[in-house]
Ligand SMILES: Cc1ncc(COP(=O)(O)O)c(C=O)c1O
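Have a look below at one chain only, the form predicted on its own, in structure tokens format.
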Amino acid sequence: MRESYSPKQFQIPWPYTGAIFGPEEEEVVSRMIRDAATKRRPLDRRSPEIVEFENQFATYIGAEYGVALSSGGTALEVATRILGIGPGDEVLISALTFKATVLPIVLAGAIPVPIDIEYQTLNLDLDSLESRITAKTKAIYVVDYAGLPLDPEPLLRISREHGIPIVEDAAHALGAAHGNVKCGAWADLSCFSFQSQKNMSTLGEGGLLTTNSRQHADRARAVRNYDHDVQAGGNYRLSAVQCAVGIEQLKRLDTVNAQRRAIGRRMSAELRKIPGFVTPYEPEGVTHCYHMYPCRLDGSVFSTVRDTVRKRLWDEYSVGTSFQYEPWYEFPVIRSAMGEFQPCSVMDRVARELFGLPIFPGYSDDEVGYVIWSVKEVLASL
């Protein structure tokens, strides 16, 4: 890495795209449009690309079934319907997640219950989880935050002991694995997102649900296509063109993730030398996919607030950052659906310290070096 750069030598805005597209995606989209125009081939639910994408994705993950859906949020909504979650039910949810994980619970009339997180991993704390299980607990919603996979074994033990199903929000964890078990292969229902910022994308939006239950898969397919026999469904389908793009994206996912890991590890190797700067945790035996690069300014070391650092990185160095996420239990619509809940002291601390540095597999060596240098410059001058 170069020793020095000049302020604003590079423009590194927050990357609102996370996938890499190539000529393969361009060709498949063009071909399908040509075929639709000249051969009158369908591009809707009758198209073979949809089943092909579902099968290939499920095989890649190691799950029995895959059901393509219009978004990751839709996948979470469908999972909530499949489990029959409704008024009076409680659903335990990691305190650190996007509101899309929680809103289907609120829409169902159920009660979301925040579970505190571990400071090191930013994933949910198992002791906190078990302590919140009651006779009203209908399901547990877990999150592989930023692409760090959860250990499935203790969660499966809790699920078996209490007879409570697990929904995995794996939107950040495309290709991530704990040991040889990929995210999406072990939970009762796992939900993926292919939105623009994800490690692979189906033209900006899209989602998929994986499961090892034939019954759950059948129900998901019914709900996505105007189900009227068991419960009211809707149009939650993914188009054939999007699925065709997904097939091509899946082919390069491991390469994209390897590039992300290399960048993330390089950033951590340099930035963890700064006292009080907390880099992402990557333990032995996991395959982290670095969907994001979440870092923290330890409040016991840095008196300067996180937002000041973020502002200076952008104003003085043109390095964009993010804050993902605010505590969802503070949002008015969600809070009104909740009763009293135990404080999430670790999440409250993390919410004051957390921010994300930009990470994208297409960055050059110099762009990565510039991000590292800019962070060092700002923190050295505090």
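Residue numbers here begin at 1 and follow the sequence given. Note that the structure is predicted; figures quoted are calculated from it, not measured.
The form predicted together with the ligand is left out here; the points below concern that form.
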query = So in the predicted complex, does any heavy atom of K198 sit within 4.5 Å of the ligand?
reply = yes
ask   = If you check in the predicted complex, is T210 within 4.5 Å of the ligand, heavy atoms only?
value = no
message = Residue-level contact is defined here as any heavy atom of the residue lying within 4.5 Å of the ligand in the predicted complex; does G206 satisfy this criterion?
response = yes
query = Is there any non-hydrogen atom of Q249 lying within 4.5 Å of the ligand in the predicted complex?
reply = no
note = Heavy atom within 4.5 Å of the ligand in the predicted complex, from candidates T97, S128, T287, T80, belongs to T97
request  = Scan L148, I105, L189, A171 and let me know which has any heavy atom within 4.5 Å of the ligand in the predicted complex.
outcome  = A171
query = Among 133-141, 67-75, 251-259, 267-275, which stretch sits within 4.5 Å of the ligand in the predicted complex, heavy atoms only?
reply = 67-75
message = Could you pull out the residues of 309-348 that have any heavy atom within 4.5 Å of the ligand in the predicted complex?
response = Y325
